[in-house]
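A single chain, nothing else alongside it, follows as structure tokens in the form predicted alone.
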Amino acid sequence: MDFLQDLGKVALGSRLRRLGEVFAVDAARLYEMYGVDIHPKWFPVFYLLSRQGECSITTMSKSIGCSHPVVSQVVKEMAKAGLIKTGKSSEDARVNVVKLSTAGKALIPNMEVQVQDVFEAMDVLLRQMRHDFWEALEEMESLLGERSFLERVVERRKLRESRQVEIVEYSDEYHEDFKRLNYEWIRHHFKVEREDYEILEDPHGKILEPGGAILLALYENAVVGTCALLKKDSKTFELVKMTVSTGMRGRSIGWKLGCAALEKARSLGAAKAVVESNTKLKPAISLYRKLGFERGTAQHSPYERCNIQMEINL
């Protein structure tokens, strides 16, 4: 039973490490067979120097695609083995570079023969495969260069968690959460104003009884986001008190709340929705634009912090 094979795609990293170990074992024997006394992990640095003569560690790091600390460690090990030396660049005396020592240069002829044999053996191996492994490897490296694997897993995690978010309508049991989340974001960016206190302390009287609505986002039965619709007139509702708890941002919860709020506004007979904000809240402005809001005509606002008003026709 091959446990890693049974695990499938989730064990890709482990499979690649195992495959790397297979090559590493044979590589050590190959270096010995060809009389090239170097550690397999030194090969990229050794071969680059054999071709270019001299390089700074920064240049080698970029050329090989390894971090600066990793290349620095390899250079230290090779220097201890007497294969390389450091000095000033022949082109710019201000730049420190690494060069092969006399002992290192003496290994180049055997290395060239080894590289040619390995190249031909690898070419035969790849042609025996049904799939072009080399092209697939290059494509994967390119894709991971655009977006790391960690970022891709985080994206899937956030998507999974967002699917677990439930949008519910307000009831008195959520009053403290409604206040807490909104006071938190307001105090973080601005100061709490009189209008804030009136709405947050009396959501029934200020929002619900005049014909508005309050929606909340629940994740694992905890309130992680809120938004409300304040009725301005028979055909216009204002999107207010919209926020998502800090630890749950980036999971499309704001998007789900916004979509649900606009749909609720339509069900209440709204022809237009408006929202007030501040341009320093770039993620919020971006969300409103994504929802379809556009900059509207400036109207009097009860909030000092408001410097942008947006609207959408429903």
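Nothing here was measured: the structure is a model prediction, and the numbers come from that model. Note that residue numbering follows the sequence shown and begins at 1.
We do not show the form predicted in complex with the DNA, though everything after this point is about it.
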Contact label in the predicted bound form: Lys41 to the DNA, heavy atom within 4.5 Å: yes
In the predicted bound form, Cys66 touching the DNA (heavy atom, 4.5 Å): yes
The DNA contact in the predicted bound form: Glu166, any heavy atom under 4.5 Å: no
In the predicted bound form, Asn110 touching the DNA (heavy atom, 4.5 Å): no
The DNA in the predicted bound form: contacting segment from 181 to 189, 214 to 222, 89 to 97, 157 to 165, heavy atom within 4.5 Å: 89 to 97
Check all three, Thr58, Ser72 and Lys76, heavy atom within 4.5 Å of the DNA in the predicted bound form: yes
